[in-house]
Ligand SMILES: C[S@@+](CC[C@H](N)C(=O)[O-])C[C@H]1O[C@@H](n2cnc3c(N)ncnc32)[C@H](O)[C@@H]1O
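For reference, the chain that follows is the form predicted on its own, supplied as structure tokens.
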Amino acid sequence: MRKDKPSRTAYKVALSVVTLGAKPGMDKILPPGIVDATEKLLVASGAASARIVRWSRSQRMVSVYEAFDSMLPGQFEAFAHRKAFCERQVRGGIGAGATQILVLGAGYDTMGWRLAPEFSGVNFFEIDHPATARLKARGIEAMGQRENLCLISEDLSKRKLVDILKDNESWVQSARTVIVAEGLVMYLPPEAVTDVFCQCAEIAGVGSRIAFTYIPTGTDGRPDVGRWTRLMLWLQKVIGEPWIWSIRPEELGLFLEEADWKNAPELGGATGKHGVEFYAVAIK
């Protein structure tokens, strides 16, 4: 990632959510209120102009995305499925007794802002790189702060997650927690991915879960997104946010065990795959 600039990937995902709001049938998949909230956040934060947001929510833009979908089949709609998967896991975790939600690399995601009023007894935390987090915080302030939503601006490559949360008086290390790592781990080097999962196990109580998405490994040992893999890997590298980490689905269980988690494919939709990503959930 370009350390001094807001994440292009976070921006792209947010605009994709807006465009999905114009695609017939996506209202049955997308979490309620996500499109309107994302539009407001992008404009209020200054990440995108009102004109760009209006253009994004148009049938013409839907056609543009669908044209590029030939390279990564299903990836456009996959953003809707991914958001729905993460929100299901958060709601399911709260229903099972979780009192904390932690979103890693939150970008312009609006789940915490949308759910915080509904679950007033749950504390929502988001962590992202300062370059993106500053814009997010500006937008949230304009939209209306939530008392139980805490935005944390930190670079996890410079400071450990356990140390960041140790300094936060609202964080309870023994509490049952839902951790979300949506579209994150593929951008990290292998040692960093292992470290993140180990640290997540350390800062969350028994019964916690972590929901995440990942790209599978191909026969050449690199992330595999289909016939256009070489081009996509090159493009991600060019924009400064390369895909680095991947794993074969059959190796996921052992990886999680070594990081003190247990693979939990039985939890709603955890074995699904949309576009180029697999979805997974692990429990502590």
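Note that the coordinates shown come from a computational prediction; the quantities given were computed from them, not determined experimentally. All residue numbers are counted from 1 along the displayed sequence.
The protein also exists as the form predicted together with the ligand; that form is not presented, and the subsequent description refers to it.
Within 4.5 Å of the ligand in the predicted complex, a heavy atom is found for all three of K83, E154 and L188. The contact residue chosen from L165, L184, A137, C150 relative to the ligand in the predicted complex is L184, the criterion being a non-hydrogen atom within 4.5 angstroms. A residue is said to contact a partner when one of its heavy atoms sits within 4.5 Å of a partner heavy atom; G93 fails this definition for the ligand in the predicted complex, lying far away. Although the partner is absent here, H129 lies within 4.5 Å of the ligand in the predicted complex, judged by heavy atoms.
Contact annotation: I210 falls outside 4.5 Å of the ligand in the predicted complex, judged by heavy atom distances. In the predicted complex, the ligand sits within 4.5 Å of a heavy atom of V13. Residue heavy atoms within 4.5 Å of the ligand in the predicted complex occur in exactly one stretch of 101-109, 139-147, 68-76, 167-175, and that stretch is 101-109. Along 211-234, no residue reaches a heavy atom to within 4.5 Å of the ligand in the predicted complex.
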